[in-house]
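Here you get one chain, nothing else, as structure tokens; it is the form predicted on its own.
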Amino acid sequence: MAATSTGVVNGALIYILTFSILILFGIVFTMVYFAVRYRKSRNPVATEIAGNKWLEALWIILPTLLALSMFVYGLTGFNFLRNAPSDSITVKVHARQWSWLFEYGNGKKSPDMVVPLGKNVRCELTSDDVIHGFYVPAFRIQQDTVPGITTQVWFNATAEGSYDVLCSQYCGLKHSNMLAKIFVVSPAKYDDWLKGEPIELAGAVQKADEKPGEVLLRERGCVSCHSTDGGPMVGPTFKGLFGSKVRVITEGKKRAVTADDAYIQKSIVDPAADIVEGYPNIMPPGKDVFSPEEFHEVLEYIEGLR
């Protein structure tokens, strides 16, 4: 199951755990033996014990060699996970508060990752705001995403199914909701999906009647902070927003504005310009989030959320 990385990580874990257990039992056995062997009833008068240079040298050399072997074992696995094979499929992983976005070589984007069975997959990781951690427990991979830096990790899934993606770095209010899935499918299904053909993904939440604007909001992570049903979230709800009067703070002054196309687009591109009363100023600028055509689809969808 899972990926080739499991063998490397599991091997290092078993190696370290085995020696740790052996050392634990060795120390406990020696402690009990000395407590019994040299108890007061057998040794009423303490015996002066002289130092032993060979024993002291052995006590220093053996733990040092053991620690170095653990380091080398771990470093080998670290390098293995960060040097993807040349035939790997590259998937760009965009992390942002509080969602993931996966981008493929043909420009296709999705909120969950879809990969072919038995193929090497190289994840190219970037962050749009703060430090996140791309963590897939089933594949034994974890790599931080750092603003301004591109990091990478790779895996090779050996069993079809769906696997959880978590964020391993605390990244703000909705850190625990920063979840996604990796769907492993057959190479044929993957090719169909990449071309835009519908395929069945076990465990995927799919809506047949999704509108283009709704898909875009989900893919770009907007619904992680803004609800579409009026429910309370970190940011204002989209339901009933279009055409309503919104109380905002602009340059420290309170005012009321109408939520029209221009306001919504400005709120996405420069969210700090007009901060909605009662909500924190935590939304990152979205200058390149949507193309002009995508903005039209998003505005049309929000307008319909009466």
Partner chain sequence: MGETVGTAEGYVPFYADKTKRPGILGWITSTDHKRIAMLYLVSVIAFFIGAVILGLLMRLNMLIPGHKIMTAQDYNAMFTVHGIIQIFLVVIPAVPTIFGNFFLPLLIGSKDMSFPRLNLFSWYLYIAGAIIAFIAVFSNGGAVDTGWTFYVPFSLKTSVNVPLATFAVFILGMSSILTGINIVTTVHQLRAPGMGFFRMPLSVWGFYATAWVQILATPIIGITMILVIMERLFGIGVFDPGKGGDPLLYQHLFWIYSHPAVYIMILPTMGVISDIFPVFSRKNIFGYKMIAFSSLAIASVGSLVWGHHMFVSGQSDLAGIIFSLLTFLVAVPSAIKVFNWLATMYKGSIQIEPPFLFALSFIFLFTIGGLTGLFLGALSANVQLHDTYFVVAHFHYIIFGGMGFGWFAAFHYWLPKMTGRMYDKKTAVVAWLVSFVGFNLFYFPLFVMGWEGMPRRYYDYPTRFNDLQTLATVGSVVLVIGIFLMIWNLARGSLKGEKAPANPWGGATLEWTLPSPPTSEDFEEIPTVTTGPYDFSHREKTE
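Between two forms, the rigid core is the largest collection of C-alphas that superpose within 1.5 Å. These numbers were taken from a predicted model, which means no experiment stands behind them. Positions refer to the first chain, counted from 1.
Omitted here: the form predicted in complex with its partner chain. The next part is about that form.
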I'd like to know if Gln142 sits close to its partner chain in the predicted bound form, meaning any non-hydrogen atom pair within 4.5 angstroms.
yes
My question is simply whether Pro63 lines the interface with its partner chain in the predicted bound form - judged by any non-hydrogen atom within 4.5 Å.
yes
Contact flag, Trp193 vs its partner chain in the predicted bound form, heavy atom cut 4.5 Å:
no
Should Gly77 be classed as touching its partner chain in the predicted bound form when contacts are defined as heavy atoms within 4.5 Å?
yes
The listed residue (Cys171, Leu117, Val121, Cys225) that reaches within 4.5 Å of its partner chain in the predicted bound form by any heavy atom is Cys171
In terms of non-hydrogen atoms within 4.5 angstroms, which of the given stretches 36-44, 251-259, 238-246, 265-273 touches its partner chain in the predicted bound form?
36-44
Heavy atom within 4.5 Å of its partner chain in the predicted bound form - qualifying residues of 54-85
Leu55, Glu56, Trp59, Ile60, Pro63, Thr64, Ala67, Leu68, Met70, Phe71, Tyr73, Gly74, Leu75, Gly77, Phe78, Leu81, Arg82
Is the shift of Pro63 between this form and the one not shown large enough to count as movement, that is, does its C-alpha move by 2 Å or more after the core is superposed?
no
